[in-house]
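For reference, the chain that follows is the form predicted alone, supplied as structure tokens.
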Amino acid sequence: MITEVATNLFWILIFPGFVFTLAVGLVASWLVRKVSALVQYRVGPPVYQPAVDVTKLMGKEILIPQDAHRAVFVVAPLVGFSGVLLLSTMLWLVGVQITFVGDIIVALYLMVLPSLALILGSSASGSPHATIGAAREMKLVLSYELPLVLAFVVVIIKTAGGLEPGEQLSLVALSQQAPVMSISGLLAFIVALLCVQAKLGFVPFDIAESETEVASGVMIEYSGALLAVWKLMQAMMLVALPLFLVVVFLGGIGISVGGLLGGIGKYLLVVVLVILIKNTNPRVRIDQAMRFFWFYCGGALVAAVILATLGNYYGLAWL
């Protein structure tokens, strides 16, 4: 019993949990900043800059607004951080074939937890700027969650022929497939990538923070260690969300040397696509984002579901 508890704590806290994911997340956040700087003809920060920023914030004073709901304001960042930590740990364990039936549903719930925590924390701050940001974040979540779920429905349909009924909701089983190699799977992957862009709060979907409009919006009242927790959560999301796309759409990460290198390449591919989208698009309004996800992404995924169903029925894997 003690050995099992120690093993679980090691997985969650050391590898592949908090320490490992945080290290990869800080490097990934530096990569985003560095590439963005190069695109804008700037030098960009050194590789240790994200760690320095977080360490500096940890030493700052925590200021809580007078009108804030103190308990919710303080607990919200910890809830969001815990959700990302559990998601990233679960996804890394997929690579060593540790899973359970229905873990993709658990992953979808954990993926929405940071956004809900952000909405609760900003709403509890009592700031009008944060309230506007929270309203935007709430509308954004309602916009991209349905297309994201439909994208994974396409994956389940595509893999229905090669998997047992119970395995269709298992990340380990799905990671052995590569639905992106079909027309419907490619459509689903593109839409899921755009949904991940919105979940990360990157341009063009950084509507809830938008410094030039609502002065960082949802983050405006956070400072010190609480703001550092949000920054750490965002860095770990930059690991967990692209990794989720790799596992579900791109064939996952193997445990062999070749499989590991291939998985790293797939992860870097997703991160590079996220960076390209971030640096080649202007920020959209919230009504434009809602219209984009509901009508354009939703319409594309309805077509993808139909194509996947026809391909599964007629045995056309490329469809």
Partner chain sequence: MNWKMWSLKKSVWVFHVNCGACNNCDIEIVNLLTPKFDVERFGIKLVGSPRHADALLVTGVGTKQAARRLQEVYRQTAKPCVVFCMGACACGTGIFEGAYHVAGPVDEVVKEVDPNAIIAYVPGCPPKPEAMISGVVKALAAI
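Note that the structure is a prediction, hence the values are computed from the model and not measured. Residue numbers count along the first chain shown, from 1.
From this point on, the text means the form predicted together with its partner chain, which you will not see here.
Which of 82-90, 222-230, 113-121, 146-154 sits within 4.5 Å of its partner chain in the predicted bound form, heavy atom basis: Partner-contacting stretch among the options: 222-230.
Site check Arg42, Tyr48 and Gly59: each within 4.5 Å of its partner chain in the predicted bound form by heavy atom: Every residue of the candidate spot has a heavy atom within 4.5 Å of its partner chain in the predicted bound form.
Its partner chain contact at Lys278 in the predicted bound form, heavy atom, 4.5 Å: Answer no; every heavy atom of Lys278 is more than 4.5 Å from its partner chain in the predicted bound form.
4.5 Å heavy atom contact, Arg33 and its partner chain in the predicted bound form: Yes - in the predicted bound form, heavy atoms of Arg33 and its partner chain come within 4.5 Å of each other.
Heavy atom of Gly262 within 4.5 Å of its partner chain in the predicted bound form: Contact with its partner chain, no.
Gly251: touches its partner chain in the predicted bound form, heavy atom cutoff 4.5 angstroms: Although its partner chain is absent here, Gly251 would stay clear of it in the predicted bound form, with no heavy atoms inside 4.5 Å.
Members of 257-272 lying within 4.5 angstroms of its partner chain, judged by heavy atom, in the predicted bound form: Counting only heavy atoms within 4.5 Å of its partner chain in the predicted bound form, no residue of 257-272 makes contact.
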